[in-house]
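What follows is one chain in structure tokens, specifically the form predicted alone.
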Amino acid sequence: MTPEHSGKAEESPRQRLLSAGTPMCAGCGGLQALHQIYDQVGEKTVFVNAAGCMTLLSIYPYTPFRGSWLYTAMACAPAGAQGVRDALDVLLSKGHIDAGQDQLPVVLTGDGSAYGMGLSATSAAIDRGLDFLYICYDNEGYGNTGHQYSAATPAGARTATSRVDGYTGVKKDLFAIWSAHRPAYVATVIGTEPADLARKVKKALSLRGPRLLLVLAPCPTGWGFEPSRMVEIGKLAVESGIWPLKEYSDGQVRHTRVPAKRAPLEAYLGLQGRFRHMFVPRRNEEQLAALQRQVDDYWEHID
């Protein structure tokens, strides 16, 4: 029965995601952004989902997405997207579907896949010029298996597999890695800046070729904060300058928001349990100053 005949208004894509009853964590910053992205991406899509937190959106045989959904192992979502694109091109060439029935392959992964396990397949897909949209929800750890550290974990953050004094590595710069491939488009976004996110989604959809939306995804369970503080933490990520909002296209990087006066980084760190060891039982002034310098150095050297 159609909505017109049933007397019920058709749900929007966002309403469908909200009402699906999927077992996602309260206050998930990745899901907040995905709601907004899907409002524009719509149903003419094939979501190719690498194993991760967002796999829980699909409980077989159901999914809140109106388009198609393909599950892959963590390392091979871009290869799955290539297969989808090739199959659609065959159907188009044989006249089995027309241009109005074509669909966009959309890769959906966490940072474990995007920054690590799936990076080789991603690089190869970009090199081939695959026409796809890649969405990475970056919660800075392997969130669905206990929040072990990943290549996206920031320095000093405690994870399930970090030392007591926090992760000793450095967060990989996925934006720069993608940009070095000269794709069609790369952008950093966050759900707590909806106007910036909406403009970048619109721009990505207007282009063809490899496109990345890199989403910072505040994670209450992995980062150690109350779900009600997710928006506050997301805004501080931008205001402190630790998550620059920027985009790459036509060989140029442009910052879409430059904070006029940055908030101190410790305002952002202090709200998260994963950085608590920097403040209690005593303040680690040396480590806090080093992290602040990293942020300051970044903004001092932007064009």
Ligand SMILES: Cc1ncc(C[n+]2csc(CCOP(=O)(O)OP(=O)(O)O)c2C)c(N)n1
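Just so we're clear, the structure is a prediction, and the values are computed from it rather than from any experiment. All residue numbers refer to positions in the sequence shown, first residue = 1.
There is another form of this protein, the form predicted together with this ligand, and it is not shown here; the text below is about that form.
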property	result
Partner-proximal stretch of 199-207, 89-97, 186-194, 112-120 relative to this ligand in the predicted complex, 4.5 angstroms, heavy atom	112-120
Contact residue in the predicted complex, from Gln103, Asn144, Ser179, Ser162 (heavy atom within 4.5 Å of this ligand)	Asn144
Selected contact from Val46, Leu245, Ile242, Ala51, since only one has a non-hydrogen atom within 4.5 angstroms of this ligand in the predicted complex	Ala51
Contact test in the predicted complex: Tyr137 vs this ligand, heavy atoms, 4.5 Å	yes
Distance check, Met74 to this ligand in the predicted complex, heavy atom within 4.5 Å	yes
Interface residues of 177-209 toward this ligand, as seen in the predicted complex [heavy atoms, 4.5 Å]	none
